[in-house]
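This document opens with one chain alone, in structure tokens, the form predicted on its own.
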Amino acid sequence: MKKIVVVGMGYVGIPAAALFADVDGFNVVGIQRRSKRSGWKIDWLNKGKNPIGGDEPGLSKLIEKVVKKGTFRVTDDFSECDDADAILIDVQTPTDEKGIPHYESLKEVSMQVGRHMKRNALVVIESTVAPGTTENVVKPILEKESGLEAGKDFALVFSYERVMVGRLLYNIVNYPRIIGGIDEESAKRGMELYKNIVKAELYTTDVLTAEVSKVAENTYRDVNIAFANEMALMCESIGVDVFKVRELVNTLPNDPSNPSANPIRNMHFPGAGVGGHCLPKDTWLLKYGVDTYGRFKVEPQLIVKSRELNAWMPTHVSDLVEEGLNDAGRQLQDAKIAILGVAFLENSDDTRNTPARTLYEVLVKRGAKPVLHDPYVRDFEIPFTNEINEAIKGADAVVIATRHKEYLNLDLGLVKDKMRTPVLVDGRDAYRKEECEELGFIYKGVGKPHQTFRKGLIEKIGANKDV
């Protein structure tokens, strides 16, 4: 049987390992540190249980299937790499407040893999890294620890996942795969591996181009979200609903008859902030790679300003909270603020770089008493509750920070009755402003008009009331 080792049992490693384990002839071993925070995943997965919470179609059944079949197990022992044909590295690569990547986990895992890998093994870096990292950081460690030469004695590839929480299996299987090798043979071996689980096109390139493509892909999305967020602020100021503006902007159709003049628009959703493992840091990884390995100095403006705006949006939400409380005749100082949503993405338990943390910290600094709630999250560094009544009882404001389905189905009348002050701050376009105000809420929303004269003005001039 072909043996594959996947290092790192997270949102990328688990679905990738399970998919490979479902291929006939493959035997997959996951490696996970026995840390206080994540060590429990080892026993959990070995029992066939899915440690990823929220709505993740197909993953729980697949894990149960491959564990029962005996083709997937998890350990903390790197000696499993001794006879592995392919080793996938899926560890986190965070950046600090200055945008500098922290590669402690990547370096440690590379050392362990190098000490145990066999000749002719294929090593794949799936973790997102700054351009130049595979060649300049990972490769020297592997060569030093193994005594082998990359491209001659073993193959080395950078190939990133395009996963999103809630679509982990679907994206891996159905999205095109970019495979960057340090040489043509490495890229070829990467393609031979991934064609077993990917149904879409496989594209091979050099390792540096693949690294740049990954961070450019996520930076592009971050910039587009920043445009939507800036439009939201402008719409708030001028007194229109940015979500109606978005709807109208996006009526431009796709016109394949003239691709160079294609009028299509895809304005993104604005909101309370951007989270996840990739978007908040990939701009900095791209910049760091160019700063470190580029031939001349580049000072990026657009991507940096976009990242800063997206990081600032939770502060704007705290401004809306304070504004709503002032309208109600209350001060932010000592006010209880119920923040609904700890996970960064709806219907998931993923708290990585969640904007809810920033919002919580800003409110604390301003003297408020925020309380976090989430129906899916199991563990978080800041105290939180899974009981929504505990969060909203006696609250002076409720903030929708994540668009969980549970929040969309709330009885707002009952919510208002439990609160001390009826202020609702909508960071994710979860509710209609008019309905909330009819129930007696003071409603503030990202990208929503603040002026109360707006509705009457529209009726007076005979415009569409849906605007």
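Fair warning: this is a prediction, and the values are worked out from it, not measured in the lab. Start at 1 with the first residue shown and count on from there.
Not pictured, yet referred to below: the form predicted in complex with a small molecule.
* the small molecule: the contacting residue among 180, 275, 131, 341 in the model of the complex [heavy atom, 4.5 Å] -> Of the candidates 180, 275, 131, 341, 275 is the one lying within 4.5 Å of the small molecule in the model of the complex.
* To do: Name the single residue among 73, 167, 107, 305 that comes within 4.5 Å of the small molecule in the model of the complex, judging by heavy atoms.
  => Selected residue: 167.
* **the small molecule contact in the model of the complex: residue 322, any heavy atom under 4.5 Å** => No, residue 322 sits far enough from the small molecule in the model of the complex that none of its heavy atoms falls within 4.5 Å.
* **Touches the small molecule in the model of the complex: residue 392 (any heavy atom, 4.5 Å)** => Heavy-atom contact with the small molecule at 4.5 Å: absent for residue 392.
* Asked: Taking the shortest heavy atom distance, is residue 293 within 4.5 Å of the small molecule in the model of the complex?
  -> Residue 293: no, not in contact with the small molecule in the model of the complex.
* Asked: If you check in the model of the complex, is residue 218 within 4.5 Å of the small molecule, heavy atoms only?
  -> Within the cut-off, so yes.
* Choose from 372-380, 108-116, 333-341, 158-166 the stretch whose residues reach within 4.5 Å of the small molecule in the model of the complex, heavy atoms counted. => Checking each option against the 4.5 Å cut-off leaves 158-166.
* For the three residues 29, 88 and 189, verify that every one has a non-hydrogen atom within 4.5 Å of the small molecule in the model of the complex; reply yes or no. => No, the whole trio is out of contact, none within 4.5 Å by any heavy atom.
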